[in-house]
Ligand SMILES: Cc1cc2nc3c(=O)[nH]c(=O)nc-3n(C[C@H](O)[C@H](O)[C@H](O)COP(=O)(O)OP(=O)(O)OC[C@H]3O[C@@H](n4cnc5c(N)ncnc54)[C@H](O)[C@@H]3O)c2cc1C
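In the block that follows, a single chain appears as structure tokens, in the form predicted alone.
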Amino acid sequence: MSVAIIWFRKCLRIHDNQALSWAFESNQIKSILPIYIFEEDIHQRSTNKMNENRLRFQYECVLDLQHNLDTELGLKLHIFSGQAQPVIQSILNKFEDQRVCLISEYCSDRENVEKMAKIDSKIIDQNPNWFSKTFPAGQTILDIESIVNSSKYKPPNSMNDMIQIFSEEFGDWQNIVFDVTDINLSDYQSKRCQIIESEFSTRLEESKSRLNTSSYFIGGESIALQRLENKVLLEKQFVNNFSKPNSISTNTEGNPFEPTTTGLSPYLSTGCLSVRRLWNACSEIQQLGEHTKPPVSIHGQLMFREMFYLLSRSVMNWDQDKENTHCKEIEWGTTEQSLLAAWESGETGFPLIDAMMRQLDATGWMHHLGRHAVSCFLTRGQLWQSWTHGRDIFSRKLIDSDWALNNGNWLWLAGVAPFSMPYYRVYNPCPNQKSSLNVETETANFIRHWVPELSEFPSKYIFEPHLAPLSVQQSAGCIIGNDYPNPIVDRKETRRENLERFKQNLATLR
């Protein structure tokens, strides 16, 4: 082989990038052509699958990748716009008589698996000079395809199941440090940077004017490694004491944008940060002293991530509410657009729900307990709407959107999966300081920031402002029902009704 076409898909980084490392190490490869394909048209600062924040974050990830390839490895990232199959065909046509290897990282979601299979069968196999090579664990720790196709595999539904899988794969998994491949040009033969033009070629600058300005989270490998340094490597006690269920859902006091968790999920989902590098960092810190254990530790959270990847590949109709072995077929209510619109826009009259949804809209991120609160509210808690509606909205808006994880979390929180909490454990959307949602209630500054209409309300009433006396509302300059909506439902009555509905649905499934 002479040319390696490295297709960056969900590993938008140069550190611990198996495809890049292989291309530099291989004596068969003389030149490298790095490519990225934007497969969606941009309309009014968004696409069909990405809202403006998610699209901007993706753009920043690719821009940083382009910079790092150039400055660190002397490679030019070629950007293309269009559907993958014709784009790949147009590129390979430039090398009709040369030996070419199309290299990419494995993507476990159904759409990408099918896409790669079509490219192999309809393009690669048509020319004896063309080959493809896929690296199995770019986005995950486990080799997903190998495990789900093994004879002893059973879909995992708990942390104990995942511990067993990790033990079988790695032995003493708690202390393991994975090999992380970083390219040092002094160790490799130089590779020529391949340059081509195609009718699908585009420039990042052409898209910049059609994107919104950056929000709090900025995309890219460079920022990912900075955040890893600041939130993990320099915070050893934080790592050893980490217990995700105990983290505060309303962000860092004094900064309504900064998570009390690592905030690394957007960088893992885009592949700007290697999950193995994060695992290794935690392993090395945990060896220094006492530390929390799975499921609440950072390692535990990464293992849950692996569990959803395994399930998404092995469970048919993982993203459906019918004919899905991991989804109880609950008869949700008729779709009510007014309720969905109020929920999505943060106009439900429940300040915690509204603050979380407005944060999502403004930044593309939300704490996991915030996701618990809003998803329970939409489904079995108050609105009795199908989890698939929320899943689709999250998919467009979350900058850490991931097909496997997004579906897994919604199945879990709607109460329909084997690993779900009991359906009758419903979160109170008007929490107090004892709530398991871990909401800061004394100053309620998170609510005041994201729901500024209520900024002058006393903390005593801010989570249920419709209960405040009219004199308090007038003093706060916000009349409920006029300046801020009344609750769109009676939370206690709908909770009671929905628990009975869920119970009756379960009875019919037995």
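From 1 onward, residues are counted along the sequence shown. Since the structure is predicted, the reported quantities are computational estimates derived from the model, not experimental observations.
One more form of this protein exists, namely the form predicted in complex with the ligand; it is left out here, but the text below deals with it.
Just one listed stretch, out of 263-271, 126-134, 88-96, 422-430, contacts the ligand in the predicted complex at the 4.5 Å heavy atom level, and that stretch is 263-271.
Interface residue among His326, His372, Arg313, Arg358, judged by heavy atoms within 4.5 Å of the ligand in the predicted complex: His372. Out of the listed residues Gln174, Gln385, Thr140, Gln301, Gln301 is the one that sits within 4.5 Å of the ligand in the predicted complex by at least one heavy atom.
Contact with the ligand in the predicted complex, defined as a heavy atom within 4.5 Å, is made by all three of Lys244, Leu398 and Trp410.
Among residues of the shown chain, Leu405 is one whose heavy atoms approach the ligand to within 4.5 Å in the predicted complex.
By the criterion of a heavy atom within 4.5 Å, Arg192 is excluded from the residues contacting the ligand in the predicted complex. Proximity of His368 to the ligand in the predicted complex: non-hydrogen atoms within 4.5 Å are present.
The ligand is not drawn, but in the predicted complex it has a heavy atom within 4.5 Å of Arg305.
In the predicted complex, not one residue of 311-334 has a heavy atom within 4.5 Å of the ligand.
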